[in-house]
Ligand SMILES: NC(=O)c1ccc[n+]([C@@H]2O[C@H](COP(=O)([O-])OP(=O)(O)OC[C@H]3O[C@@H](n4cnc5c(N)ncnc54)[C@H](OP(=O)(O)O)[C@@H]3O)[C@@H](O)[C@H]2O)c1
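Encoded as structure tokens, the following chain is the form predicted on its own, with no partner shown.
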Amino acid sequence: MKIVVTGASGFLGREVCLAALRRGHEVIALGGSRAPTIPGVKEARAFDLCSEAAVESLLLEEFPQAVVHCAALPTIETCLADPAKARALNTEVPRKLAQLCFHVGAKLVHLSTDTVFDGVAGNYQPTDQPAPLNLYGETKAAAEIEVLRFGREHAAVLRTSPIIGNSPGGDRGLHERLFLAWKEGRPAALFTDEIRQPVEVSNLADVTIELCERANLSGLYHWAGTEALSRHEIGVRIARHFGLEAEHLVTAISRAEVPAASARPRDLSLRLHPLAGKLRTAAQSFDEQLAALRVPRGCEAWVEQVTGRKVVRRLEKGIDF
């Protein structure tokens, strides 16, 4: 199967390319201003997804069997900094991809987010009505409508949660960002009353490729880990997993202490039914996710100093972590 992956320079996009290669597929990896460098990928391009002519030319020339759309302005802050780009990349590009995929008969797997919800109820199922609190959530919710309007029978929208895992540079995974702060002597102040359901990056990537392979799975789905946790609990469990003293590294705060937290949903826990019962890829517990984590590059000496234990690196999926 020939699969086009957008956002291939990003944390998830890169892993999606690797998952596709592991399963024997041909990959066309699209980055932003620079072509992504991914082991085993033979065709990688710098690409402007906001150019409708370029997107149309690519899909009509390549006629892929599937497209995995990972590219986005991915945070509340980046969307507020450039609202026009947020709407173009997060809403208009998915609409155009859905139209073109319908035309060439390709499966589209579009990555969305739990922040399409307001976080009031929690335990959201795919049929629940979105109610975003910020521009990021608004643009992603609008994209879901466009993708399913043009491709309900041959497209899958996959809402997901904060991504945990190892990145080549050691700075993109949830635990890696915590380590960078801890190494600099900055304890992480994390909410005890903001609930998320983290997902490990390679597990999520495997699901996206399985959706490409499964013509019978289309529509709107949720995917995350199996455990809904407060941000504070996530930080504490990460620290303890690596033998660190969580009491000195993680500070508990409540949303009431941070006025800006009102723009952040409180409880974005997700129900994984019915997708979890249809896939060969299994959802993971948080302990299973932790077992896949490595000390980020550049933090080894600090970890050895504070724990008194040697950090041993090993090859994981052909990549030295």
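Keep in mind that what you see is a predicted model, and the values were worked out from it rather than measured. Start at 1 and count along the sequence shown; that's the residue number.
Keep in mind that the form predicted together with this ligand is missing from the display, and what follows is about it.
- None of the heavy atoms of residue 278 is located within 4.5 Å of this ligand in the model of the complex.
- Contact check for residue 31: a non-hydrogen atom falls within 4.5 Å of this ligand in the model of the complex.
- Interface residue remark: residue 85 is counted as part of the site for this ligand in the model of the complex, having a heavy atom within 4.5 Å.
- Interface membership of residue 234, defined by any non-hydrogen atom within 4.5 Å of this ligand in the model of the complex, is ruled out.
- In short, of 238-246, 116-124, 185-193, 70-78 it is 70-78 that has heavy atoms within 4.5 Å of this ligand in the model of the complex.
- For a residue to qualify, one of its non-hydrogen atoms must sit within 4.5 Å of this ligand in the model of the complex; none of 18, 42 and 107 qualifies.
- When you look in the model of the complex, the only residue of 212, 101, 147, 111 with a non-hydrogen atom within 4.5 Å of this ligand is 111.
- Screening 226, 161, 218, 134 for any heavy atom within 4.5 Å of this ligand in the model of the complex leaves a single hit, 161.
- Contacts to this ligand in the model of the complex (heavy atom within 4.5 Å) from stretch 47-70: 47, 48, 49, 50, 70.
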